[in-house]
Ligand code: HEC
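Below sits a lone chain in structure tokens, taken as the form predicted on its own.
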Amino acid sequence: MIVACMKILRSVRVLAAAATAVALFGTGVAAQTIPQYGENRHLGVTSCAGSTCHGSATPWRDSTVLQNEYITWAQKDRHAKAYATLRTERSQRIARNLGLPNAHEAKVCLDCHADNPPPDKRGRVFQVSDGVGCEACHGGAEKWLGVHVSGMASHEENIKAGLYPTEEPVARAKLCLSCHFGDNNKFVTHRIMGAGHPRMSFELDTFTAIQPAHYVVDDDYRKRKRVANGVQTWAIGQALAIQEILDGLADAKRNRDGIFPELVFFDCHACHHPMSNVRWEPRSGTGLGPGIVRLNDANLVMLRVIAGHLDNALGQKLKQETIALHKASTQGAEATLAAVARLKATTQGLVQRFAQHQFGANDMQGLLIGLVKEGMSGEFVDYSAAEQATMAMSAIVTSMKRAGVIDDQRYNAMKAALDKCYDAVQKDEEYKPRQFLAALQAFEATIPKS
């Protein structure tokens, strides 16, 4: 279902107010605490659902916002059904396998399948059964709701009062990744997956696009909020994902399961395939031979394409340190932690660097060429890297179209070629690297030449 959703190409926005991003996120990580861990009380979705607030059945004319945001969420957004998922037979089976009484009351499940602030941070009409509701993303409304409904406050004043700035790609990445990958408080482990939880797959720009939009990016929106284009959103998402992955690898509480490391950090398909399927192929980007459980480095491959485009030496350094990490993982915990520390130092500052960089036409073309080059060199023989690359190329192509870099004819040709890439990654258990490579070669032929 996720891959099918991935075929919905994302909207592209014009980059503006980069200075604002630097002021808010100069450290590379959103200054705001994500809503679940915030100090403000969560009042519940009914506080937003009034017909004169965000619960209108239809959009209002001449309004700065649609006013039907609650209806869009309730009827179209899978976040609204996230709690209900916990009552399905599959979720109950996962809970039983994990030794839990049930899924719909277990904190490990509720932390991502609902808005789950501590009990003392819940308002009188708050219902955890509402799922991932308004305040799960926009922040506990205790202090910002009053100034918000007054209609007199600016967006900046709402944020100061506790509204979470979801339009900022750094803040959005931190928020989304906290569930779609995990953080130091909640984390989908290999044991949870072994109990029956689906494989985690995430790319910030793609998942922003498939989220049913309850806003319109028009001139008024641009006056009030920062608008980042899809390429920048993708780049920031990759950089922040790597921060989370490296932090997890360095965290003894998360990266240890008895005598084993936490296997969720490793490539699922290095182990999970029929023994009769002789599928191993060499990859220069790992330096490993067959039969070795290898780390999932898909986000690192994407990151080095982005970093290498902006700074070739940095891209090469990332590649060498990634190979060193793979080799260190076969030598022991001490060597692995040392390699992780080196990568953390090298990637430090990339989030804010991407937040400041205006990814224009030359960047878009260069990044496409860089992605194709990685694939042609054999770096997409692993499914997860091919999946990430397909979403990345889709983000870039759509950005090129919306920015006027390519015309309709070129866009249609590139999209048709991309559809073949999507076909190749449609089912992870049936992935054939040669099929993806052929699709990638066909796509390369559609890239406009300088």
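All residue numbers are counted from 1 along the displayed sequence. As the structure is a prediction and not an experimental result, all values here were calculated from the model.
The protein also exists as the form predicted together with the named molecule; that form is not presented, and the subsequent description refers to it.
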Trp280 within 4.5 Å of the named molecule in the predicted complex, heavy atoms
no
Would Glu69 sit within 4.5 Å of the named molecule in the predicted complex, counting heavy atoms only?
yes
Does the named molecule get within 4.5 angstroms of any non-hydrogen atom of Ser329 in the predicted complex?
no
Heavy atom of Phe260 within 4.5 Å of the named molecule in the predicted complex
no
Answer key: of Gln365, Thr166, Gln320, Gln356, within 4.5 Å of the named molecule in the predicted complex (heavy atoms) is Thr166
Using heavy atoms only and a 4.5 Å cut-off, determine which of Leu337, Cys268, Ala153, Ile369 is in contact with the named molecule in the predicted complex.
Cys268
Can you check 299-307, 340-348, 312-320, 181-189 and let me know which stretch has heavy atoms within 4.5 Å of the named molecule in the predicted complex?
181-189
Could you list which residues of 154-177 come within 4.5 Å of the named molecule in the predicted complex, counting heavy atoms only?
Thr166, Glu167, Arg172, Leu175, Cys176
